[in-house]
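In structure tokens, the next block holds one chain alone, the form predicted alone.
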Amino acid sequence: MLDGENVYTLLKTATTFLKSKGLSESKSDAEVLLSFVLQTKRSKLPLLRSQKPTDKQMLQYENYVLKRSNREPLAYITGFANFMGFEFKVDKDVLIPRPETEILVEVALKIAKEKNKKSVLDLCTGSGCIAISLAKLGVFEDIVASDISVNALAIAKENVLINNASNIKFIESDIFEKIPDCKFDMIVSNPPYVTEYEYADLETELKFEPKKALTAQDDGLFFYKEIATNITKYLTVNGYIILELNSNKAEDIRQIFSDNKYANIEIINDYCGLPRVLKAVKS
């Protein structure tokens, strides 16, 4: 499929092939995959332009490029994704961490520092990227992270080891079902929120990700309603709830928390100006 006597010509061929398949970031994708195969930094590829990959590396690279041409996400091909400056293992049992979710972590860290919040519950933790980032960057004394998926929790526990994190307890739980009867200073979550009709229109790359971690019933509002109506049992007085939002449903979600008597409800926009994170206080 790919021709190339050295790194330079191989990259050129791979870029042309991926571009022919309609991938807008064909050059970047080709470089990321080749740097992964060669186990080197992408920035060092120009220094290796005359190097000839081994036959094994060629076969591996062709396989990866073919997967990418079929729209499989880079993170699933390499098995890793970057989030908050840390590397996280990912596979098709967990969502790929996204830059927009970093806003949620940044908001949580700021509140924890300013309000001296020491305990946090991360619902629907997936890869564990939120809980682990909070453990690495904050001063929390108690972090609990839960997910309904046993496979996701296994990945999250691996990520704890990869990132040398601590003070995290993982619980297999369907939302609050098995959460211990205790109170947290802060509860964070990036819950499933894509509606079925939104899912039908998602780009092909997202269809590789676990649908159960993406979609929610009740027009995408199921988890927001469950959290809003049940969370007070687990929040301290003046405790914070911080959630990632379906930007298309931001006002509906705000109303859910307003109806449930939360105070100081604020919606924070992402880098594209879309409503992305809700924070509110239990009064």
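Residues carry their position along the shown sequence, with the first being 1. The structure displayed is predicted, hence computed values, not measured ones.
This next part talks about the form predicted in complex with a small molecule, which is not shown.
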Quick one: from L74, I111, A165, A213, grab the residue that has a heavy atom within 4.5 Å of the small molecule in the predicted bound form. A213
Tell me, out of E203, D174, E196, E141, which residue has a non-hydrogen atom within 4.5 angstroms of the small molecule in the predicted bound form. D174
Does S119 make contact with the small molecule in the predicted bound form, using a 4.5 Å heavy atom cut-off? no
Mark A81 yes when one of its heavy atoms lies within 4.5 Å of a heavy atom of the small molecule in the predicted bound form, and no otherwise. no
Tell me, yes or no, whether N190 is in contact with the small molecule in the predicted bound form, where a contact means a heavy atom of each within 4.5 Å. yes
So in the predicted bound form, does any heavy atom of F223 sit within 4.5 Å of the small molecule? yes
Just to confirm the contact call: exactly one of 157 to 165, 132 to 140, 111 to 119, 95 to 103 touches the small molecule in the predicted bound form at a 4.5 Å heavy atom cutoff, so which is it? 95 to 103
